[in-house]
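A lone chain, given as structure tokens: the form predicted on its own.
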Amino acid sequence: MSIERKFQIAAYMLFIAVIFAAPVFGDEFWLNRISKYLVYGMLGVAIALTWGYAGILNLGQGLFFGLGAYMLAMSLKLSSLTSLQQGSDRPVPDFMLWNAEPGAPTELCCINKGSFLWLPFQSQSVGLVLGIVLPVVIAGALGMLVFRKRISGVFVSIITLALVLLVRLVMVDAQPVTNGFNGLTDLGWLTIGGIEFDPYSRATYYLCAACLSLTLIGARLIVETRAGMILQAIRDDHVRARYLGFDVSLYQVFFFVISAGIAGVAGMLYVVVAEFASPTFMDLSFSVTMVVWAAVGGRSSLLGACIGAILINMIEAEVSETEALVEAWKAIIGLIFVLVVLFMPRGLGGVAHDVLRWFVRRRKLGKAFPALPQQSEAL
């Protein structure tokens, strides 16, 4: 095993050890905030997988994040106390009653024209499953349509951007079903195997830490497989890869789907931690911000993109809460991004890789040319 490989494994192990040891050093409020940062780290990994390894700049990643969030939020909304106390045998979201027409039945099946869509979400298992399946299915359908037509480059970015904005408009316009701009709030707690995940508990933090760790390890293993090597060859020269007989679109769709699945899981975790789902998850600014995280951390480094997402959000939180900088924190974050692009185009991960290569080279040179012993001068 090479020295670079050993350092890579050590970096992953150290990062995972740090995030699992973090609860020792903070209170419940701090844990809740760090849990959100870990969720953003998963989004950094998802962007690095498509942009850094597949060469696909997806500006609509917020779509998959938002869909995952809404699927679980719908189940958690029906399990909240406000939905269970509406004078019906079955839970009914409170906002549906506020928007219902006079004389409408207070039943989930027919309180409005679209309320029947909520019926399957009376089980949290449905929300959990659909939170992964729906983003994956939509990503698969979109990928087949786009990549089979050999659409690439900036056109993929435009298509994904248009799609996320379209879905956001639909979510906002469907006020009676989705609560529009207000989103879904006042949610119940996620319960798995009798364990309730309080947003401020250590159990919820460890759930986020475990999901991030599995995402990092799984993504790392995937990119090192034969499929991952072929994908990187496609990124570098898709014409040559197609000439050599590889099904370029199939590999692109596969990794596009995996990235969407990661974003869907991240969306569900965010709902558990933040206790709300909002159409702002599908804003253009949020999807572009994910790209900034990956660029700062290093789009060609899964761990770098993850750390970049966590660091940027930590800095953003600290700066935005500093009274002297409250009016300029967005400019500061933008300046950081510009400086990284200008002076560290490969991000923090690229800098770490260069330092490691320099260290390995110096070590090899030291072994090849050991220092000669000095001879004492004759007296």
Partner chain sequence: MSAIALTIDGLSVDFGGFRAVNNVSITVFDGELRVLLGANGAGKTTLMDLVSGKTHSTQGKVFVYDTDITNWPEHRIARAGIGRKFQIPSVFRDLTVRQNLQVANCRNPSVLANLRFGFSRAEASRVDDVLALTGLEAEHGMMAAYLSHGQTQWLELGMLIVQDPKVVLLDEPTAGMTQAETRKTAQIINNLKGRHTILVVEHDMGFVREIAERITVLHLGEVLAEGSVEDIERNPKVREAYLGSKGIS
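Numbering follows the first chain given and starts at 1. All values reported here derive from a predicted model rather than from experimental measurement.
There is also a form predicted in complex with the partner chain; it is not shown, and the following applies to it.
At a distance of at most 4.5 angstroms from the partner chain in the model of the complex, none of the three residues A21, F29 and N32 contributes a non-hydrogen atom. With a 4.5 Å cutoff on heavy atoms, T225 counts as touching the partner chain in the model of the complex. In the model of the complex, no heavy atom of V129 sits within 4.5 Å of the partner chain. Heavy atoms of Y243 reach within 4.5 Å of the partner chain in the model of the complex, making it an interface residue. Although the partner is absent here, K113 sits far enough away that none of its heavy atoms falls within 4.5 Å of the partner chain in the model of the complex. Exactly one listed residue, out of F286, Y206, F254, W189, brings a non-hydrogen atom to within 4.5 Å of the partner chain in the model of the complex: F254. Note on the partner interface in the model of the complex: the residue among L84, A174, L214, M229 having a heavy atom within 4.5 angstroms of the partner chain is M229. Exactly one of the stretches 261-269, 302-310, 245-253, 177-185 approaches the partner chain in the model of the complex with heavy atoms within 4.5 Å, and it is 245-253. The single residue of 136-150 lying near the partner chain in the model of the complex is R150, the criterion being any heavy atom within 4.5 Å.
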